[in-house]
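Next up is one chain by itself, shown in structure tokens, the form predicted on its own.
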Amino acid sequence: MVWSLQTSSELTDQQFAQWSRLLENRSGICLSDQQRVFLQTQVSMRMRELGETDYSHYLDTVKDGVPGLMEWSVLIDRLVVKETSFFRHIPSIDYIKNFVLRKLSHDLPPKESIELWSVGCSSGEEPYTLAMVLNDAFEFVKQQPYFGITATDISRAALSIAKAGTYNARKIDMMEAHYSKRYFKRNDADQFVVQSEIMDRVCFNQGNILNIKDMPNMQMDIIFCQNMLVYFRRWLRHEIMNAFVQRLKPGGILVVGLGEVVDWAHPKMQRMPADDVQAYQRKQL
């Protein structure tokens, strides 16, 4: 089709402001002016697929009732950041591993399942990484694995990839051989599939962090939220962090991206002394 070969016009200042406002209102993501090209590229690509040529008209489309929400669910997959990898921040992963080992050494066998929440899990690399680490911890202390991981993300497309648990060799080559050999199997398409013992430990759910107060108030031992809060405004980061506190068991830990929240404090939480990890622990009752 001719329209698919045409170059889209540039967003005007007014249109960029309108699209940015909609994105922030619905997802919490706050775009800077430097991200105008990113927004324009992703929106215009979707517009070409629909044969749409006007940014303002398409904006009205995604704001129009139920059909608009359905179209928004497609578009948001193009706009949210999904770049991730296994073992993305080793210090944070090691911190969680050591926390679990300490917990298990004082509670053998564990009185209840260790529960972890992976927030903004994208295509699954993060929660599967955490599941492998926790499984190793239980094996190290010679205990049957007794843990569960809840993984949430706003993108249904990313969650579909996560639930399939299938990744290309490039993703797998980046991790230590112990993990790739122990927890993956190669399929006929020369891709790598997460072993069922790990996949069965992770429950994926679609969720918008803006609606965290409406999410089930499950009590967690660990909340892991990295490379997400940085896209939100300061006041929203604080609101989300405060909501996390209410979902932590006494003694539980909250791990966020290093430097993502620089001026937050809570009377029930204490910052843990770690130079390369930003972690907080909920005080014991």
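All of these numbers come straight from a predicted model, not from anything done at the bench. Residues carry their position along the shown sequence, with the first being 1.
We do not show the form predicted in complex with a small molecule, though everything after this point is about it.
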{"property": "Contact residue in the predicted complex, from I198, A162, I149, I209 (heavy atom within 4.5 Å of the small molecule)", "result": "I209"}
{"property": "The unique member of T84, N135, Q143, T166 whose heavy atoms fall within 4.5 Å of the small molecule in the predicted complex", "result": "T84"}
{"property": "Among 119-127, 67-75, 186-194, 97-105, the region lying within 4.5 Å of the small molecule in the predicted complex by heavy atom distance", "result": "119-127"}
{"property": "Check all three, S92, Y280 and K283, heavy atom within 4.5 Å of the small molecule in the predicted complex", "result": "no"}
{"property": "Contact test in the predicted complex: F232 vs the small molecule, heavy atoms, 4.5 Å", "result": "yes"}
{"property": "Any non-hydrogen atom of R88 within 4.5 angstroms of the small molecule in the predicted complex", "result": "yes"}
{"property": "Contact of T53 with the small molecule in the predicted complex (heavy atom, 4.5 Å)", "result": "no"}
{"property": "Partner contact for S27 in the predicted complex: the small molecule, 4.5 angstroms, heavy atom", "result": "yes"}
